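Listed next as structure tokens is one chain, alone, in the form predicted on its own.
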Amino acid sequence: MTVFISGGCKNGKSSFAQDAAMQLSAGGKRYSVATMQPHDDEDEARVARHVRDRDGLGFETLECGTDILSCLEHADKDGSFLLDSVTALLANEMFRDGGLDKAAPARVADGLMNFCGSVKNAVFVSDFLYSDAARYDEWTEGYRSGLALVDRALAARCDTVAEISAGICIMHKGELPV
């Protein structure tokens, strides 16, 4: 089963996704696919919080900031994968060489579609960055457009699509694992 979870920052997506991944694992292997490459103290604190939240829950962490399929080389594909987050994965791919890689969104979407087809269970977390009406610089708009492409691909491919807003789950497709 594949689950796509979107929502605003600090709305409870990660906790919700963690619970879904645990339900999907049914006693099998659990993997946390960590995509964030920390750049400052705030990022480090966020990573530490996520590690604390999963402490004692049986998740093995797979650090994979780029080339998402590479993490499967070290994992049991019959396990349950929690990929948090699609947002960071795309940023790492788009801006890794100091420029704007406009091919990255399609490459990330393809990698994630292959990921979905390669594993038994996966939960994907992405940030909803589309609700303001402001126009940004070329790089930011390119990133937002790229994330929208990746999010749409995941929403179409995944069995379940949910949005988390202020801790409330809004179902858009399918059902959550129970």
Partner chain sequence: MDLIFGGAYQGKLAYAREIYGLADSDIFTCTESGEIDFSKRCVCALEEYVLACVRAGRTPESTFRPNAVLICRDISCGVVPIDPVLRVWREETGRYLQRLAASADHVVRLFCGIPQTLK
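For clarity, every value in this text was computed on a predicted model and none was experimentally measured. Residue numbers count along the first chain shown, from 1.
Form predicted in complex with its partner chain: not shown, discussed below.
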Tell me, please, which stretch of 131 to 139, 28 to 36, 46 to 54, 105 to 113 lies within 4.5 angstroms of its partner chain in the model of the complex when heavy atoms are compared?
131 to 139
Site check Met1, Phe16 and Lys77: each within 4.5 Å of its partner chain in the model of the complex by heavy atom:
no
Do Ala148 and its partner chain come within 4.5 Å of each other in the model of the complex, heavy atoms counted?
yes
is_contact(Cys9, its partner chain) in the model of the complex, heavy atom dist at most 4.5 Å
no
Classify Ile168 as contacting or not contacting its partner chain in the model of the complex by the rule of any non-hydrogen atom within 4.5 angstroms, answering yes or no.
no
Is the gap between Val161 and its partner chain in the model of the complex 4.5 Å or less for some heavy atom pair?
yes
